[in-house]
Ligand SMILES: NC(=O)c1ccc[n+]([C@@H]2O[C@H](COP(=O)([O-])OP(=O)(O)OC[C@H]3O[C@@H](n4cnc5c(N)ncnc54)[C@H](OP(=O)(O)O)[C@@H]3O)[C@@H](O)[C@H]2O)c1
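As structure tokens, one chain now follows by itself in the form predicted alone.
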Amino acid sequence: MTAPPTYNPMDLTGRHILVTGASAGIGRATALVLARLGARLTLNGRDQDRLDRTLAQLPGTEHATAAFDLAELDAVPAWVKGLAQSRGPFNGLAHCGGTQALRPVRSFRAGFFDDVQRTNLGSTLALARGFQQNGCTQKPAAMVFVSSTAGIKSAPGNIVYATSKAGVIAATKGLAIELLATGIRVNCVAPAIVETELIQRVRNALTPEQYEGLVKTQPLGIGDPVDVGHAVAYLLADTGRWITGTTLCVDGGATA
């Protein structure tokens, strides 16, 4: 009996993808998903040792690390260009890097605002500028930014972070149209609460009752970073071929 042909529209074999924030959490999980689907990865983060730990977990031998601080906004395009020249043009970007700090508006300070906006929203725009340069991408090409449901629903006590992530959603829509002529699709994933080091710190800061209340905001419970990685892969692969300018909520039903 003849075996049925293999059909996998999420196959990423041979595609070169840059994964930021790859040293932990959602970025590391996304890198593992993409590598298992056959992608060749360049891993970015600020901590070389943690990037090396991610690299050691990946199947395949053609992956590499590229430690760099994406908050250095003006230097990002040249950095992307250099990677494309040394490792080959990119087919995709999974921008999982970012920062979060819970602070109510009474604690608003210019320095804090600048740091969060630069790290979350500024890096998104700088990477987009880098990817649209000649020779930096090859078809099929797509970018996926990781935002947050904080940018969609109310986020009291978390306003500065929420505005930075809402900015990423707005940037996704604008870039999707602006970059149409380049052939680069642009989409966004908005996770709710997933089991990362950050959530462990939040759990430690709350009473059991407070944490249980937080969990109940998500009907399907706390997510796993791999849940976000699967969504990113879906949008980068041919499964997302006809999708651009959208935000996919991966939130356990939180925004429902």
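Counting begins at 1, following the sequence as shown. The structure displayed is predicted, hence computed values, not measured ones.
Just so you know, the form predicted together with this ligand exists too; it's not on screen, but the next bit is about it.
**Student:** Does Thr196 reach this ligand in the model of the complex, with heavy atoms at most 4.5 Å apart?
**Tutor:** Yes, Thr196 sits close enough to this ligand in the model of the complex that at least one of its heavy atoms falls within 4.5 Å.
**Student:** Considering only heavy atoms, tell me if Asp69 and this ligand come within 4.5 Å of each other in the model of the complex.
**Tutor:** So Asp69 counts as contacting this ligand.
**Student:** Contact between Ser148 and this ligand in the model of the complex at 4.5 Å, heavy atoms?
**Tutor:** Result yes; Ser148 sits at the interface with this ligand in the model of the complex.
**Student:** Gly92 near this ligand in the model of the complex, any heavy atom under 4.5 Å?
**Tutor:** Heavy-atom contact with this ligand at 4.5 Å: absent for Gly92.
**Student:** Find the only residue in Val160, Val186, Val80, Cys96 having a heavy atom within 4.5 Å of this ligand in the model of the complex.
**Tutor:** That would be Cys96.
**Student:** Residues Ala24, Pro191 and Arg201 are flagged as a possible site; in the model of the complex, is every one of them within 4.5 Å of this ligand by some non-hydrogen atom?
**Tutor:** Yes: Ala24, Pro191 and Arg201 each sit within 4.5 Å of this ligand in the model of the complex.
**Student:** Counting only non-hydrogen atoms and a 4.5 Å cut-off, give the residues of 32-50 close to this ligand in the model of the complex.
**Tutor:** Contacting residues: Asn44, Gly45, Arg46, Asp47, Arg50.
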